[in-house]
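Only one chain comes next, encoded as structure tokens, the form predicted alone.
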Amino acid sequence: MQRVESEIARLIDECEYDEVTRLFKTLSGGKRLRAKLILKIASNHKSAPKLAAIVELIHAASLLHDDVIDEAKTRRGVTSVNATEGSKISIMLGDILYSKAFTELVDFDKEIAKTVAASVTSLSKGEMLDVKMAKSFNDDEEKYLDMLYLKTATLIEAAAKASAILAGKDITSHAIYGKNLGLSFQIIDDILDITGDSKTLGKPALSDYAEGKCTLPYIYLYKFLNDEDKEKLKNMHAKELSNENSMWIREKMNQHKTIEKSFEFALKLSNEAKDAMIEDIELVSILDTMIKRSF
């Protein structure tokens, strides 16, 4: 991963703007899942670290914009750029990262560049759909999963597919792997938002629902509730939750096992990804680590 970090630093330095360098250093790097995936798939290709750096810049840019949209004050336990510098700076920093990533992407094979670029279009559509869906309670599982694919899984799918092209490996199986890894990764995030503690999450627990996001555990819960409790759950949507309401949601989820049901679905997706990549022990290991994570 040091090669990727060095590439990222180089690309940021090439922006030739000290303010960009300063602000980028305040960002938490996160798990670098997309970069690790590219390095695993195209481990022997000299351009893999650069491709990984490009995808990480794109991911960082999307998070900067996402924090503005959500009015988030923290990101991975670190104060967000929009909280310290304002929304305008956060958006412009995201634009610089996107632009630099695309500038570097043109050096790659046309199919690789097209794969990554198309995923950014999908990612942006997913963000827009997420904002629209947050305006009212959503109990449509298929609609939620479509949004999840566009907003989160598409860039992971593109990372897997693009690195497979780079390494001359099977494109279809790697794309399936990346898509399912992305979906299951986000569903585990949905679960941890409910089961985790604020210190570990770096944000208040159950914050997704307070922000208007009806994630999978809430969608499953709604199906089990009686009419009165359905109305109660809907009335809590997109509002700051009291301790009493938070406890009520958790108790109902425990009663109807919606966390377990959500985990089972994430595990199903993970197993499908394993089937697509059954002979690659390292990629299977990424899935095992992801499904068992607690943060």
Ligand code: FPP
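Start at 1 and count along the sequence shown; that's the residue number. These numbers were taken from a predicted model, which means no experiment stands behind them.
Quick note: we don't show the form predicted in complex with the named molecule, though the next part is all about it.
Of the listed positions (Tyr209, Phe108, Phe137, Tyr98), a single one reaches within 4.5 angstroms of the named molecule by any non-hydrogen atom in the predicted complex, namely Tyr98. This chain appears without its partner; in the predicted complex, the one residue of Ala238, Ile69, Leu267, Leu27 with a heavy atom within 4.5 Å of the named molecule is Ile69. Only one segment in the set 120-128, 172-180, 78-86, 218-226 has any non-hydrogen atom within 4.5 angstroms of the named molecule in the predicted complex, and it is 120-128.
The named molecule in the predicted complex is approached by Ala61, whose closest heavy atom lies within 4.5 angstroms of it. Under a 4.5 angstroms non-hydrogen atom cutoff, the named molecule in the predicted complex lacks Lys50 among its neighbouring residues.
For the three marked residues, His65, Lys151 and Lys213, a heavy atom of each sits within 4.5 Å of the named molecule in the predicted complex.
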